[in-house]
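Next comes just one chain, in structure tokens: the form predicted on its own.
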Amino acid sequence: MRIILYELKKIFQLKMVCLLFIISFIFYQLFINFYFEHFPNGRPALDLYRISMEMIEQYGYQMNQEEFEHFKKVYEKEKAAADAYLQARQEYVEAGLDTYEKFRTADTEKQEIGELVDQIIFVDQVDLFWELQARETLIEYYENRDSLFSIVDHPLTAEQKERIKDTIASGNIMSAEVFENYNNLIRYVAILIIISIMFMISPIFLQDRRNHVVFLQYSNKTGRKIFNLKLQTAFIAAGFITTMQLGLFFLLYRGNKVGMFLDSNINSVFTHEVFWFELTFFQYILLTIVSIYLLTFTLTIIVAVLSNRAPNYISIVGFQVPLAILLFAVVIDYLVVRITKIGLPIYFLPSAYVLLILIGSFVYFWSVKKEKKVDLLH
């Protein structure tokens, strides 16, 4: 335990922690902060978000046909209010924009018409007209819910068709804006965690090799156990880094005020998303967290082993660049963001993580065994 504590102190040196803080701060400013500051991102995204909350308040987490008809009646009432708004303004009546339907289908290429439309939509930003656009979008999603059958590029299997039918029949209410925002955020948070682990764990063996400490370690049986203890230290450090990064993220994520959607089913015609399993948004969040921890388990082993094998910092960076590209471009997309999506085989996620765990475990035990027998002069 004393060795592990000593190694943890070496990993979390003040200069390394300060550099990690700077890296994280810059990364947040460049990639993550936007999704906090601009959520929902403009209009009608803001209106879609608000109306989705209103739908949950009125109908619960599912909408049946009768409730949908009520939703359309509310839309018609708002259209009548928009008609009255336009008819109360002489310039719109004279331009032939005396009803919302005429306003919505107006030829904005004509300068006078375009200016009148822009005045309401972009200058005055009249909430009523933005809300009407949002309601039209939601009505279109619900009425064209059979379009879910086209979300997969390849021909559907019988199981996929059944899942889509279940989603269509469920009438689950979920905000596409909330779901997309979370996926964008968790993607970048996962990338930041990977960068943090690579940065902090990479020197764990390399420092000893540069200082020729390994010759002392390999010269006796007890010293050869250091390798295993260092790997355990790397797991502890990586787990701590992951927990701190996720903790900071969810602390900030509370400001997005998505609590009402935590019990919403993510399989919804309103998000145009179908998954293999019936998951609430909260369960989906938990699943992404577990996925990140499993990913960091394997990554930590690989980074530590590379640190033990690489002769210098340039070499380890060279090894890690293609690994990072693979993780950023492919692995995070399939194992964190797109988990359990119907476009992937039903057992893809569990199989992928079983494979990751097996790879990580194999590399771990193989490295420990090899380290016990390594030649000092090798």
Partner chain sequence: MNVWRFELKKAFQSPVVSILIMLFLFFNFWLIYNHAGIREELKVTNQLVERFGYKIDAEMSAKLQAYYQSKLQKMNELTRKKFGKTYERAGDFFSEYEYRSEVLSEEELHVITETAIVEGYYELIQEVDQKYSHLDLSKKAKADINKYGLSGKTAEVTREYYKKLNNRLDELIEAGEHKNLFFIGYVYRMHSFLFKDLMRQMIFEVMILVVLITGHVTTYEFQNQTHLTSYASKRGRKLMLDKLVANLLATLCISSVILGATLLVYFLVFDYSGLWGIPISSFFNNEFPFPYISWWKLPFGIYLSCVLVVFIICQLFFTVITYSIAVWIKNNYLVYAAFALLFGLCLLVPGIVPNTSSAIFWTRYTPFELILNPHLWFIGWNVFFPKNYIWMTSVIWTCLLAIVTVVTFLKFNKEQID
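Numbering follows the first chain given and starts at 1. Nothing here was measured: the structure is a model prediction, and the numbers come from that model.
Keep in mind the form predicted in complex with the partner chain is missing from the figure; the text below concerns it.
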Of these, 351, 312, 58, 65, which has a heavy atom no more than 4.5 Å from the partner chain in the predicted bound form?
-> 312
Judged by heavy atoms and a 4.5 Å cut-off, are 244, 254 and 256 together in contact with the partner chain in the predicted bound form?
-> no
Contact flag, residue 42 vs the partner chain in the predicted bound form, heavy atom cut 4.5 Å = no
Is the gap between residue 23 and the partner chain in the predicted bound form 4.5 Å or less for some heavy atom pair?
-> yes
Flag residue 202 as yes or no: does it have a non-hydrogen atom within 4.5 angstroms of any non-hydrogen atom of the partner chain in the predicted bound form?
-> yes
Flag residue 138 as yes or no: does it have a non-hydrogen atom within 4.5 angstroms of any non-hydrogen atom of the partner chain in the predicted bound form?
-> no
Of the listed stretches (263-271, 152-160, 194-202, 79-87), which one has a non-hydrogen atom within 4.5 Å of the partner chain in the predicted bound form?
-> 194-202
Any residue of 6-31 that, in the predicted bound form, places a heavy atom within 4.5 Å of the partner chain = 15, 16, 19, 22, 23, 25, 26, 29, 30
